[in-house]
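Take a look at this single chain in structure tokens; it is the form predicted on its own.
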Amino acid sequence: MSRPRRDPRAERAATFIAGEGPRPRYDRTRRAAGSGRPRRDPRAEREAQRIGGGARLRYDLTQVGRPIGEAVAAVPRSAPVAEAPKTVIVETPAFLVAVVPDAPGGRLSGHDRQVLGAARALAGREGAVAVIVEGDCEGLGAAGADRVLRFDGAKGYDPAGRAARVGVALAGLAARHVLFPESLDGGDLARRVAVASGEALFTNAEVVAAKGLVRPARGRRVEQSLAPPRLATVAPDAVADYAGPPREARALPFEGSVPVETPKNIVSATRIPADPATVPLSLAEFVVSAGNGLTDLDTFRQVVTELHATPGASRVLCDAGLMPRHSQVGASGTVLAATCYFALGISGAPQHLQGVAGCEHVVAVNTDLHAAMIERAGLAVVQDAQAVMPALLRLLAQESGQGAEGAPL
């Protein structure tokens, strides 16, 4: 078998385009009879892959061998809709693990969430976590609570009364384990409940697992381990938060009678808030910091005063002598554990971001949309901080019932 003999002149004549001007023109896409494979036209193939409808040229490289024609319109691609995680419901738990959080202001603190994570480790798949709170509390289901037992708390500072109410609630729940945060209020409450019930209390647990609890002893030279007791306190930053799907947080009825009168060894107690301007940065709950993007430090200090916050600064301002050295935030200054951090004109150097890694909420104001602090922030305002501060002062004045000049609205 022999291939047919090619005639280049005949093939060229077959692709000639007549009447197209004084110069001869040829169509390379035409195929003469018996001429073998057609000649490829890369430009036409590329044009066939083009997707129209956009300002930028886009090509669909999956279109191989598609007939050459007009550019196809772009097919809108809908973003995949993420399904909401299903709520985990435990109908008949084998046992309960109770948690008594501090919940200051009706919200879980970071330490409370860690205690709930420890409770989930003890509960496993068969048990359920029950939270005992006074009044309303937000985010219990997302933090890992299967059951919630609420009761009205007494007004004012009454640690003995709260311990009595918690003791009644625990008697009604019949929980296998009860965890408290090892904090000022949580640790005091745990010890009061332990004394009232006559049970042993395992304090400052740093490892919580179903096999046992571990805590340091003798100046952290040795470790003490024990099978999970009934009453225990969890050290801060020892256990990770619960990161699974949300739980049901089903409300439980309060069974039992709350003691009307409890013996009061404290005649009068009043909480005196500390001056935020003198609170050390390591202990501050709300920090407002100034960066190199600020020039009006007088307005910045006024904003800090109106927000009742603790002032902070970046290293650039401290090195320039514009802010005191003890107000420097960062790895070379003070590492914060604040609930909220408000950054004004701070771009976010790596050392500064290390200093705010432990903050629960970060708010940033910067003109650079791609600044590292903007990416770290949960709430970002892309604007000049010099213009944001006066607007913020006006809003604060309106909320307090005073106008810009100090007169009632």
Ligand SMILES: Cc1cc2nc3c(=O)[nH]c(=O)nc-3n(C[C@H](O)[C@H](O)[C@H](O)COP(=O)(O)OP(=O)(O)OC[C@H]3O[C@@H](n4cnc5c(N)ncnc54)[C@H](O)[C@@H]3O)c2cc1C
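For clarity, every value in this text was computed on a predicted model and none was experimentally measured. A residue's number is simply how far along the shown sequence it sits, counting from 1.
Omitted here: the form predicted together with this ligand. The next part is about that form.
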property	result
Interface segment, criterion being heavy atoms within 4.5 Å of this ligand in the predicted complex, picked from 237-245, 197-205, 327-335, 182-190	327-335
Contact label in the predicted complex: residue 360 to this ligand, heavy atom within 4.5 Å	no
4.5 angstroms heavy atom contact with this ligand in the predicted complex for residue 292	yes
is_contact(residue 365, this ligand) in the predicted complex, heavy atom dist at most 4.5 Å	yes
Proximity of residue 347 to this ligand in the predicted complex, heavy atoms at 4.5 Å	yes
Single option in 315, 165, 215, 177 placed near this ligand in the predicted complex, where near means a heavy atom within 4.5 Å	315
Contact assignment for this ligand in the predicted complex, among 377, 371, 340, 48, heavy atom within 4.5 Å	371
Candidate site 109, 114 and 150: all three near this ligand in the predicted complex by heavy atom within 4.5 Å	no
Heavy atom contacts to this ligand in the predicted complex at 4.5 Å, residues of 91-120 in sequence order	none
